[in-house]
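As a starting point, one isolated chain is supplied in structure tokens, in the form predicted on its own.
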């Protein structure tokens, strides 16, 4: 599961008001090469919750993203490459996503998060 996906997921358990961002529990993380696409990165930049991406990338051991950003940073190839790497090339292969409010664990197996809820959570 890419950190792009992680940035879009939240806990939808009934009654949860603070289901984002999900914490990462990492058993296995991998890096997978992805073609660099500046236009895609620039379009995604405004849709990303930056602090959640930074925290997730640091949990995966990648510490090169800045704490704060501004749109002018999109003119820097160095910044775009770091953003690209964190967003698209870091993958949670095995582990769990954890609801920040309830601590409910959603397993991630073979890079696929299982966000299915139990009957009492719907």
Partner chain sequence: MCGHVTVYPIRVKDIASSCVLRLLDYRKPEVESLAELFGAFDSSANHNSLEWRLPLHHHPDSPFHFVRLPSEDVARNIANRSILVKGIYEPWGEGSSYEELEEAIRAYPDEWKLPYLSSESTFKITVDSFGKVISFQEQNDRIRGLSYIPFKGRVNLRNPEHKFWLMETDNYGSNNGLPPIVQRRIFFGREVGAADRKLLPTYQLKSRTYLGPTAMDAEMAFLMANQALVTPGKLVYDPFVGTGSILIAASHFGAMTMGADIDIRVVRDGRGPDCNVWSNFKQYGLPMPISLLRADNNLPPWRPGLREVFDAIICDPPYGVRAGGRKSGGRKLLKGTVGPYTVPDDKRTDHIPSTAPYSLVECVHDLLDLAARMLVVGGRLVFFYPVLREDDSIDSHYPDHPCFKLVASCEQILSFRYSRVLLTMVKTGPYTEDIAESAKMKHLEFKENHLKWLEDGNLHSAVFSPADAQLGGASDSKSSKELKPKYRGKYV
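Since this is a predicted model, take the numbers as computed values, not measurements. Residue numbers count along the first chain shown, from 1.
What follows is about the form predicted in complex with its partner chain, which we do not show.
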*asked:* To test your reading of this chain, name the stretch in 48-56, 23-31, 75-83, 61-69 whose heavy atoms come within 4.5 Å of its partner chain in the predicted complex.
replied: 48-56
*Does residue 102 reach its partner chain in the predicted complex if we count a contact as any heavy atom within 4.5 Å?*
no
*With heavy atoms only and a cut-off of 4.5 Å, decide whether residue 98 touches its partner chain in the predicted complex.*
no
